[in-house]
Ligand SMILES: Cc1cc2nc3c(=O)[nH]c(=O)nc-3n(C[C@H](O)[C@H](O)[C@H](O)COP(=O)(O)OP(=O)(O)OC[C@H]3O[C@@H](n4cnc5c(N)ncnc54)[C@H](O)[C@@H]3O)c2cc1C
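This document starts with one chain, in the form predicted on its own, laid out as structure tokens.
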Amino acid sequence: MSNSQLTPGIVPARLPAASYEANFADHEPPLDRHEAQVAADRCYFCHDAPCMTACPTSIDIPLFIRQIATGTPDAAAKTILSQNIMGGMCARVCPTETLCEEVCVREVAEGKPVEIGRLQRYATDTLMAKGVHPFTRAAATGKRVAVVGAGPSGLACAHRLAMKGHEVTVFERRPKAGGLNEYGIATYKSTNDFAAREVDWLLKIGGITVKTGVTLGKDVALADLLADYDAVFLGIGLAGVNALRAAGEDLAGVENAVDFIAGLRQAGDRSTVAVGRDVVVIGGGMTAVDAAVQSKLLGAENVTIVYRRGKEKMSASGYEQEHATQTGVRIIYGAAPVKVTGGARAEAVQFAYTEDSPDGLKLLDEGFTLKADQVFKAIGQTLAGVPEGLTVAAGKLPRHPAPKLWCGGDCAEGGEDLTVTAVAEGRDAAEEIHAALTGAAG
């Protein structure tokens, strides 16, 4: 007998086979040529455009949209990629509703912005479909740089360094390059193995060697890299996961949301991924939303996100929160977990309502209990695997902690934990490294 939404416990194949393909299809279908032209025609091509200022990679948005409007999407793609080499993925996963599109003049005046993200995807997808790489390497400098971490920051750094003529070796602990783009993005946001295809396309620049299955501190030492290479860039991300600090969190059925998302991303057959009947996700960021929505898409009957503060403080955007509720996810604000209950496995989670006070978040006496056979922790990730001798401040690494050493992306201080920000930091670190190695001004 096959499973269904009503089957108790954490089981696979809750839905008919055809449902998985529909549920995990492209969340935002790509624009065709005519749709892109119509969307581009809405742009005012502002001077000192606020959308460009809001973009962490400072893409010349009015220029690339004008290039689409004039029928030259390949030129538009080059405009995008010159600032953001991972513009294809960022077009899919960037919270444009809180970045470029939020400040669009059309949004301010009419409540409907120019569809910048979808136009960016149209341009970059058009170019990538041709197998074209729009950049060429400069003459070889004879300099060698090690990049640790093949996520957005590390790959952006490696590409810019290779373009400048340096030889780059990228060390990645996981079996595949791509970092969170490969392992941490909701499956319906990046379909058809796009993350891997983007990495392959990026490597067409040449001069980059990727070594997977290599862990810093275990398989290779930072001191050796600093001795063997002319410069080192650390883009190691945040490999640790915060604890709930609630009794019972070690019960079976309590899992890290990032592991669940990664497992689903790597599953060839979505129906083989097990999910609970009653799923509770604890957290308020994009990881929480991605885990909750995908649990529902896998066939969970009841999925609830519980966030300890108010709606306005939830780091997942209003658009993402609305998408979650439209998918059938319930969101409860202002409550914190107190205890996971059950015998050998999780059966329920007890919560206390919370109140923001001058002294911080306070648990109230009143609370509630949610039935749960699967509980996902999505309360943030932490820095792990820091090489000996590096100073960590507020859970992050300095950007230039030592001679020959740079850091960027989620592991480094400042900025937001976004793909687009990580790309910008990797790119900018590469420019600094190039200047240090060659004496160039920039």
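Computed from a predicted structure; not experimentally measured. Throughout, we count residues from 1 along the sequence that is shown.
One more form of this protein exists, namely the form predicted in complex with the ligand; it is left out here, but the text below deals with it.
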4.5 Å heavy atom contact, residue 15 and the ligand in the model of the complex: no
Answer for residue 424 alone: is it within 4.5 Å of the ligand in the model of the complex, judged on heavy atom distances? no
Should residue 26 be classed as touching the ligand in the model of the complex when contacts are defined as heavy atoms within 4.5 Å? no
With the partner left out of view, is residue 417 within 4.5 angstroms of the ligand in the model of the complex by any non-hydrogen atom? yes
Name the residue from 126, 141, 215, 242 that puts a heavy atom within 4.5 Å of the ligand in the model of the complex. 215
With the ligand left out of view, choose which of 258, 273, 222, 331 has a non-hydrogen atom within 4.5 angstroms of it in the model of the complex. 258
Only one of 340 to 348, 192 to 200, 359 to 367, 173 to 181 has residues with a heavy atom within 4.5 Å of the ligand in the model of the complex, and that stretch is 173 to 181
Scan 116 to 151 and note down the residues that get a heavy atom within 4.5 Å of the ligand in the model of the complex; none is a fine answer too. 148, 149, 150, 151
